[in-house]
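Quick setup: one chain, the form predicted alone, written in structure tokens, and binding and motion questions come after.
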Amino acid sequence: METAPLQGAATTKPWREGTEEPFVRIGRVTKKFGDFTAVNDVSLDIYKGELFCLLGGSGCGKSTLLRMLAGFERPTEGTISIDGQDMGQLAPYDRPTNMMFQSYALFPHMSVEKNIAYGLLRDGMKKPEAMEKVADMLRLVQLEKFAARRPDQLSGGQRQRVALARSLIKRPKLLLLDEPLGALDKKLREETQFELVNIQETLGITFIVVTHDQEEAMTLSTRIGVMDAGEIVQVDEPPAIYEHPASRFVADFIGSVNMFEGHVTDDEPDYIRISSRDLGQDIHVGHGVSCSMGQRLWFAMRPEKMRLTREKPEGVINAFPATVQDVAYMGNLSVYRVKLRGGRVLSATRANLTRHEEDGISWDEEVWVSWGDTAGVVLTQ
């Protein structure tokens, strides 16, 4: 049986429109363990039908925040509400949530079918009704043929889908996933990411995913909350997080970036000029920036937005001579490490659009590194 997608779950963006009340509200939540502050004054709104990712490195507080949503930890300060209900005094089993752990926590002696049915039967549902729901869920996660197998007879990706089905079978209002794909190899993880998105869109259940994997967060999420040292440092949609990071930390954490420190030498309404010792000449930015003359700031440039040419490009202000130090062929693209005359090493990438490029730029060549005047991001913090 196919389940129709929740109307509007994947098409509307209430965080932009301001037409809906948030489904999850985290209000100035702090969590301390003795003298250590794991989560510091976090406020966050998440909307119904979102697949929201909490992204950050180890120890940033993202799993602690997830555990507070589940009720496994209590906030030291602040409030959490789900679907308008205060969670403050509710035990984990009384909350409209379910949690899928990285380890999957499957019962090894039970079949796939019994693992998925366990929660329904424990709640007193009659077996025929429970097994009908299990059959629907097996179809959804494409495991009908594996219903009688035990977890040790499944692949890692199949075990992941069993754990997901068991978490979803009771249709929680909110599903919490702690590094759900961390145990899978790279190729399987990439395939499973799209399966997870499709299942979430089909059911319309709100997902909150904790991950340290930037690519995973970019692939899965409607929005990303980047965490650092217990705080939310930026919340936005994946393209905005990547193209318009709010700080050096976010720019450096999400993908690869070349960062230049400098100070403002020209501040005009339609452009600014940044003096950078690393480059040996000024950077021209083709739009106005909220800054002041002489202000210290940073210019972030993604490797794929940089051009490498043997000849100096005509009509391009931001062009710098360099020498190719290393080339790494990655299949779909090649990564170049180039050294500027001042000694700074940059990373640039080029898409491999043809199978053979006999005249491609190679090691030890003298080249020009250039970029357009709106290709980078100016950061003031």
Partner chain sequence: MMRRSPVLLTVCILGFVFLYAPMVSLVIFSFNESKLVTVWGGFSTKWYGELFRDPQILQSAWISFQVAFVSASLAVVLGTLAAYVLMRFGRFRSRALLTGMVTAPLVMPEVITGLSMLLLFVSLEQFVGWPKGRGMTTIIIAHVTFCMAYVAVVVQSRLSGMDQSLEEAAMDLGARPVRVFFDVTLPVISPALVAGWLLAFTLSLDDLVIASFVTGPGASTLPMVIFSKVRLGVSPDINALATIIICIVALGVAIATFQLRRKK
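Residue numbers count along the first chain shown, from 1. Here the rigid core means the biggest group of C-alpha atoms that line up within 1.5 Å when the two forms are laid on top of each other. Because the structure is predicted, anything quoted here is derived from the model rather than measured.
The protein also exists as the form predicted in complex with its partner chain; that form is not presented, and the subsequent description refers to it.
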inquiry  = Based on heavy atom distances of 4.5 Å or less, which listed stretch (302-310, 94-102, 213-221, 249-257) is in contact with its partner chain in the predicted bound form?
reply    = 94-102
task = Name the single residue among H263, R149, H284, K170 that comes within 4.5 Å of its partner chain in the predicted bound form, judging by heavy atoms.
result = K170
Heavy atom within 4.5 Å of its partner chain in the predicted bound form - the one residue of C291, M110, M125, A135 that qualifies = M110
message = At 4.5 Å by heavy atoms, is each residue in W15, F23 and L55 next to its partner chain in the predicted bound form?
response = no
request  = Verify the contact flag for F72: yes if a non-hydrogen atom of it lies within 4.5 Å of a non-hydrogen atom of its partner chain in the predicted bound form, no if not.
outcome  = yes
request  = Please check if Y271 has a heavy atom lying within 4.5 Å of any heavy atom of its partner chain in the predicted bound form.
outcome  = no
ask   = Given that the partner is absent here, does G156 sit within 4.5 Å of its partner chain in the predicted bound form, heavy atoms only?
value = no
ask   = Any chance R161 has a heavy atom within 4.5 Å of its partner chain in the predicted bound form?
value = no
message = My question is whether P151 is one of the residues whose C-alpha shifts by 2 Å or more between this form and the one not shown, given a fit on the rigid core.
response = yes
task = Establish whether a shift of 2 Å or more occurs at the C-alpha of D86 between this form and the one not shown, with the two forms superposed on the rigid core.
result = no
query = Rigid core fitted, then: does G119 show a CA shift of 2 angstroms or greater between this form and the one not shown?
reply = yes
